Structures are given as structure tokens and as C-alpha cells.
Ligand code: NAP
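Starting off, we have a lone chain in the form predicted on its own, written out as C-alpha cells.
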């Protein structure tokens, strides 16, 4: 694997995102030269927090404009970069009207765009791609077909489609495309990072994130009648940023890395909040019976197929590769949940 020259600029795509913001913060705190791409430079309020972080660090920070669907738009930002973090990809699990346009095309064509630009910029030595555990599994029931009853970096999602779990499908085909392109050259290494469901304090007050909206919904009464018996692999956004940076600078890092602190049901996450906040917020106290999800789930975007293949079923991920090879120590899920809740409360989001 290739050593990265820390004097060279580093590119982070999708720079204003929840995950990307923490990656940029870590890089700037190390005094590095960081470039970030955004879709529209005129919307400066979206990256104001990054400017402030840069001003309080020893690093250098530059904003570039680029669009996932515009071929060649990442070229300028990538000039002289040896390291590229590709985090930009839409994350939606509900309210999807056109999966092809909203999820699949941006994920797939964006990955092609960034990696093909890297092939043309001969300086690039490594790309760290933000993938997801959903490119390793489609539904919780798929775990029954794994070798040891746990999903590992060797597994691939074979059950998601454009109509069933389209977000998972978009991440799977985008990652496969990335590996396909990477194998056509020997200029740069590709490393993929696969987070579970990301929680933890955000660096902005934005609400337009599935993770932020989830935490707000646990507190504001939206889910007070109960939550599905759904298990999620959880990772703290701060730990996830560390996985990305370790994968970038460790010359021995290779392949796919699962980033997960462990698994929790939605009710277990709610119970963590309940213990601290008691009656201050309308936190869910019960699980919804599976029959209710069959009856009313479709109105909330839960198909019968989704309910039968995920509700009430365990979900486990093997994070040992990230611990052994990257030296990651994951913080407890309880700490992640409480820090996230404190952030949304402090920022007046609930």
C-alpha cells in the first residue's frame, strides 16, 4: 500500500455532510491542507461551521464546487491531491418517490465521476470511500445465511433491489462499481469504510439528516406511541471519522472495514434517553407489535416484505478488522446516544 504525503492537499467530497464535517475537523486539527466540495458555493451557511473550525486550527481549508452528476466537476478540486475521501452520496430511507433519480443515479454516477477523475489526476494515491454495512446485507434475515451468524467484510448484499430497500441497493452497486474501476488501474489504492447507523453529536444545527431526524424523533414525541422491534448496528460519527482517517494514513490498510460499536434495538436506544430525561421529553416506552406494522407500516413506508425480513430479527456485524488493523476503540453506544441528545437539545432542535 502507498504512503501518503501529508504536505499535499486532501480532498473530501460532500464536505458539508454529517460524516464529512467530522472527517474535515480531524484533518484540520492535524494541521493538514483540506479541500472540500459542495454543490453550491453560494449557500455559505451550509459550510460556515467548517470555516470556523479551520480558523481555530493550524490547517488550511478551501471550498470547491462540484456535482456528483456533472462529469469532470471534481477535477479542479483534485489537482495535486494524493488522498481523496469520497463521502458524497444521498442517504434516504423514506419519502422516496423516484429511487432511480434520488438514490441510484447519484450514488452510482457520482462514484464513477470521482474515481474516473482520480484516474486522470496522476497525483492520487488512495481513495477512502464511505460505503455502508447495507452493501454487506439487505435485510436482517440474510444473517441466517452467513457462515457464523454475523456479517463480515466478506459479505455482499444480494437481496436489495431498486424497489426493495433502494438505498441499500444504491450503496451496493456504487461500491461494486468503485472496486471495478479500482481494478482497472494500479495508480491508487481503494479502501472502503462501512458504517452501521451513524449517531452522535453533529457539528451543525441542520435537521436534514436521517441520523439527526431520528434522534429528534425519539425526543419530540413523534414516536411516543412506540417503536418497531428493529435492531440497528450503531457507530458514533466521531469514531467513524477516526476510522476514515486511520484507513487513509495507515499504509497497510486495505479492503473493506466495518465501523460499528455494536447493535441495539430502537427501544434500547429510547431506554437510554428515558433513564436520563424521564418525563422531560415524550420518549417511546414500548415496542409496536409486529402485526401493527403489517397493518399500518405501509402508510409509513414499511412494506410487508420489509417487516417480515427485518422486524424482530437480530443483526450483528464483525468490527474486529477495524479494531485490529486500524487501532479503533469504539465508545459505548450509551455515550453516543446521550451526547447526540445533548447536542440536539442544546441547539434547540427539540
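Numbering follows the first chain given and starts at 1. This structure is a prediction, so every number in the text was calculated from the model and none was measured.
As for the form predicted in complex with this ligand, it is not shown, yet the points below apply to it.
Colleague: Can you tell me if residue 197 lies within 4.5 angstroms of this ligand in the predicted complex, counting non-hydrogen atoms only?
Modeller: Residue 197: yes, in contact with this ligand in the predicted complex.
Colleague: Determine whether any heavy atom of residue 18 comes within 4.5 Å of a heavy atom of this ligand in the predicted complex, and answer yes or no.
Modeller: Flag for residue 18 set to yes.
Colleague: Hey, in the predicted complex, does residue 264 get a heavy atom within 4.5 angstroms of this ligand?
Modeller: Close contact is absent here: in the predicted complex, residue 264 is far from this ligand, nothing within 4.5 Å, heavy atoms only.
Colleague: Report yes if any heavy atom of residue 87 sits within 4.5 Å of a heavy atom of this ligand in the predicted complex; otherwise report no.
Modeller: Looking in the predicted complex, residue contacts with this ligand include residue 87, since a heavy atom lies within 4.5 Å.
Colleague: Going by heavy atom distances of 4.5 angstroms or less, which of 39, 30, 49, 316 would be at the interface with this ligand in the predicted complex?
Modeller: By the 4.5 Å heavy-atom cutoff, the listed residue in contact is 39.
Colleague: Just one of 75, 123, 250, 211 has a heavy atom within 4.5 Å of this ligand in the predicted complex. Which one?
Modeller: Comparing distances to this ligand in the predicted complex, the residue within 4.5 Å is 211.
Colleague: Please determine, with the chain shown alone, which of 301-309, 281-289, 60-68, 321-329 has non-hydrogen atoms within 4.5 Å of this ligand in the predicted complex.
Modeller: Checking each option against the 4.5 Å cut-off leaves 60-68.
Colleague: Since the partner is left out here, which residues of 166-192 would have a heavy atom within 4.5 Å of this ligand in the predicted complex?
Modeller: If the 4.5 Å heavy-atom criterion is applied to this ligand in the predicted complex, 166-192 yields 167, 171.
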